[in-house]
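Look below for two forms of one protein chain, each set out as structure tokens: first structure 1, then structure 2.
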Structure 1
Amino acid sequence: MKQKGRLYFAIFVVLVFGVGWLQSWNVAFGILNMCLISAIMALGVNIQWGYAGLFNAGIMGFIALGGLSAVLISAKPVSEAWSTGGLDILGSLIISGMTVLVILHVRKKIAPPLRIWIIIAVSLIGYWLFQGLYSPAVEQIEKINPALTGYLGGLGLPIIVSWLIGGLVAAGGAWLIGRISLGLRADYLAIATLGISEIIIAIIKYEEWLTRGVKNVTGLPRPVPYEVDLIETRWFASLAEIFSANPVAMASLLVKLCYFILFLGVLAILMWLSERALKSPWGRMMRAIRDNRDAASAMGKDVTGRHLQTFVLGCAVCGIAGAMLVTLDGQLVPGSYAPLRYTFLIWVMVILGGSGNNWGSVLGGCIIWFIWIQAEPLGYALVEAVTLPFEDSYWLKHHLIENAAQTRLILMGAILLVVMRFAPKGLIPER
């Protein structure tokens, strides 16, 4: 990383310290934790776009798969739901998988005139058997205490395990999607990934037996202590007395500091692996494919296979970030997955930082999230200052103050335009 990059990171650290000094250290560390998660998301997108030139417009779906993994791994199993319809759900999923395998076998072994009719027959039989088990089971599961459960739950394991599982689940989904769509042209690939992402979100949002849908899954376990438990311990009470601090605020700060250490450790590991990959012969090959696909193919490189590798790796990193995000929130809110937040904003981070440069992606993730959060209070302050001469009852003043939060959207668009015009390679360009 060059001197200019170190300067940018130093400015970001100063800004965070300014928030802590002027607003609250709890606010500062809350922003910092989300900056680290955003940096990991941007790093995953940079692996796809910066290494191989793959335009993934469905980032949101893979982040959601990571969040879903956090629920399936850490939530407590609902024994009544499993006894009522859990086995039928598993049976229906096995039937659907076997149906797909039979169809694939028929496509390879049966000649065209007869093949289509056999595929139709297998599909109809498989669908009939699937629905016979699936629909009654779902209805029974969702009736079980819907205010609190109404779903199967998870495995009850430590939630930190879901970070790795979330990456693996997202990687598996990416492999399946990549096998289908990576042969498409860049614009068609973007459309395909966007559509598949929306399908993933729809499943998470409306399959209540799996995620409770819009009722949300709350109360997920933490990998760090709870504030209430800290306040009740003697050593913490003594520490709060030494610093003459409010125990509640100090407990919240200590929890955020624990999250910060965990998230920073994950980011450091991913950065080390990404840098090693980028500087290896594999990384040089990926950049050669990105810069001239036809020439690389003529040299004997398996372009589609290497693209699939990169696509899977990038989605795995996004899945890890998605599981970390749900861990930090302590809940899964399917309705919160919006393309603006989990696709467009991540792309702005990569473009601002510098595509093809891992340090640039981390910097872009930190800066854009910091601006995204601080734009709202600054927008209110700016609007109030501008409308100060007006009377409180004036309609324009009321309208501007009511919509001050939308200044963050204007600011993001302005940042993207300025960067594309004056620094198209980002703040820390690729070397």
Structure 2
Amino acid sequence: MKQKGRLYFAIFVVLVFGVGWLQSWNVAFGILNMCLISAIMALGVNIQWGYAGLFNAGIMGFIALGGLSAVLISAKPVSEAWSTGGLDILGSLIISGMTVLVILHVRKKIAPPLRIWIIIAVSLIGYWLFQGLYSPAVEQIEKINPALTGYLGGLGLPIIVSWLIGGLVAAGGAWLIGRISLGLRADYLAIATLGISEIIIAIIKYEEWLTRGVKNVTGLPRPVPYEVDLIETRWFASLAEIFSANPVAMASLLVKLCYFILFLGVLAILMWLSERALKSPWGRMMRAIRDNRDAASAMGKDVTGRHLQTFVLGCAVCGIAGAMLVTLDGQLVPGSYAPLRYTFLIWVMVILGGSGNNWGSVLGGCIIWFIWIQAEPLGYALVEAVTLPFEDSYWLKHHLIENAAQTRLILMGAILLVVMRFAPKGLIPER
């Protein structure tokens, strides 16, 4: 089995090399970097699905939380915004937190007939206080230089820090949603996560004081050198001379290579941790719970508690990947988060790679991302070939070619269905 896995990875490397030769090394490394991020996302989902059998339909939300953290950590703080509305915003957030705490307390301490009214009263008062601080503050913050900032900004720390923080933030969100929906059966978790992810995206899209919303945050600082700076250094110029390459293309390639090394490092660390976890007594217990929940629970295992652990861990990994994604792009584009791309595509990766096998998920992440990118031109080629007999002016031909890119969705669905049907264990099955 191991050899089969190596063979698949070898095929993938050959494919990437092929792109390097035929298209360009820049494209190849661009794909490769996204493959690594996809692999990390798939790894996170595999921790949930493969270790514990949890169906998370809200991966997108946790990836976006990671992306949000990248902005909040690395963007330059807008001091004017902080001084006008920052404290009020913080205050309003504290108030809403307190309100929830008070409600939880009331739920525990007060008997039913009165309880519901007290809860309603508390939430109304809390809401009123919250609005009093929040709305004016938001209005003021968004007024400050809206074309450039109009938000609080971040902490101005190195963006790499956000990879860790992104994981923690996603873990926090996962803990909340897991507490609510994990005690129930599996499909509820799927629907609850589907919901929370839509809400997270809505917050990132519409809370302009936090993320600038659809105006996007661009120009986030990089953890690696900028191309323009590279070109100006002497050692780089001499390097370019040695390879007798175009300095601009080479700088771009070198930057991508830096990212590649960073991402590979993160993947390696996460892989090492995941493999250790899987082989530890904890991992064995998780699989025992997955395979026979009732028996494990009868043996005194805290099934819901263990599930919560894995769910939080998996989401944290997705959050890390989300922060890395924003780092690579250098910008947060809230409008780009779509469930097909950021939730269900990851599922295709995990299912194809092999549920329960970390190497499988990495492989699935790499291969599916590669196909996802290459299927677009292929789709065009295919549709153009099919519609060749028609006149160029024929409306249907025009229409079909215009939408040819969408065929890759069909391909992804077909891959998922075929794997589920004929090789449900995936390319690299669980040992």
Partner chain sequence: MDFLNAIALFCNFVLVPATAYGAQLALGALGITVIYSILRFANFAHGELMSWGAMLTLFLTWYLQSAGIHAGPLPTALLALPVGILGTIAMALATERIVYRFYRKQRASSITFAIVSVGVMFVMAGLIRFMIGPGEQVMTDGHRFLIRAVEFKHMTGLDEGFAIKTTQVITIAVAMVMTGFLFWFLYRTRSGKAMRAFSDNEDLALLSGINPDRIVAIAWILAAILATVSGTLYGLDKSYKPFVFMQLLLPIFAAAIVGGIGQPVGAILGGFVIAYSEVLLTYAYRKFLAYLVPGDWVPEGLLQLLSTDYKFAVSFIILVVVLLIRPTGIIRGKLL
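Note that the structure is a prediction, hence the values are computed from the model and not measured. Residue 1 is the first residue of structure 1, and the numbers go on in sequence order from there. Whichever C-alpha set is largest while still superposing within 1.5 Å between the two forms counts as the rigid core.
Undergrad: Looking at both forms of the chain, which one is the form predicted on its own?
TA: Structure 1 is the one predicted on its own.
Undergrad: Could you tell me whether the Cα atom of residue 371 shifts by at least 2 Å between the two structures after core superposition?
TA: It does not, since the residue 371 C-alpha is displaced less than 2 Å between the two structures after the core fit.
Undergrad: Taking the rigid core as the reference frame, is the Cα of residue 387 displaced by 2 Å or more between the two structures?
TA: It does shift by 2 Å or more.
Undergrad: Aligning on the rigid core, do we see the C-alpha of residue 28 shift 2 angstroms or more between the two structures?
TA: False for residue 28: its C-alpha shift is below 2 Å.
Undergrad: What is the magnitude, in angstrom, of the C-alpha shift at residue 396 between the two structures when the rigid core serves as the superposition reference?
TA: For residue 396, the alpha-carbon shift amounts to 4.2 Å.
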